[in-house]
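Just the one chain here, the form predicted on its own, laid out as structure tokens.
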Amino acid sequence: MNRPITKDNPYRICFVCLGNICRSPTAEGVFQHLVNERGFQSYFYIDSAGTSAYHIGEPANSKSQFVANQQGVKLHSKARRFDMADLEDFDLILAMDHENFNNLNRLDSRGIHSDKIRLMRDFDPQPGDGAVPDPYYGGMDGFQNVFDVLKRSSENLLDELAKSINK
């Protein structure tokens, strides 16, 4: 995680959940929003993906979008499936929960990229059980909770990464 981050060599982050319609696109949108606020757009490449192919091509869930929009955050991504090439392409791969963390590590069967696969809540000052909960069946409160968890975690992640930015 500690390599110099420059405009010529931006830091590549992929946020990963199961379907890539709730948690990971929210994480992508929140992190991009924070990067934009700090003027760091040229230093990061930010994406999201799912470990399943259930929702390929779909936009973020409407409840995720509603909660994000209320906070001034736009969710622009379209769902895609995480693939083997992503293991090589990204500097940091952040799973939203333990199931997706395990799925990502199974893709990396030789353990070559295990140092870059982490849980999103590793960066949360209130990590709970380490998982970003699936908001899908929790009503609007579930989506708001996920947004709050991801904002806290993203702020700490960006604070950590900003130390490596070489302007």
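In case it trips you up, residue 1 is the first one in the sequence shown, and so on. Not measured: the values here are computed from a predicted model.
Another form exists, predicted in complex with 4-nitrophenyl phosphate (4NP); not displayed. Remarks below refer to it.
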{"item": "Stretch in contact, per heavy atom within 4.5 angstroms of 4-nitrophenyl phosphate (4NP) in the model of the complex, of 34-42, 102-110, 66-74, 128-136", "value": "128-136"}
{"item": "Touches 4-nitrophenyl phosphate (4NP) in the model of the complex: Asn20 (any heavy atom, 4.5 Å)", "value": "yes"}
{"item": "Touches 4-nitrophenyl phosphate (4NP) in the model of the complex: Arg121 (any heavy atom, 4.5 Å)", "value": "no"}
{"item": "Neighbours of 4-nitrophenyl phosphate (4NP) in the model of the complex among 57-72 [non-hydrogen atom within 4.5 angstroms]", "value": "none"}
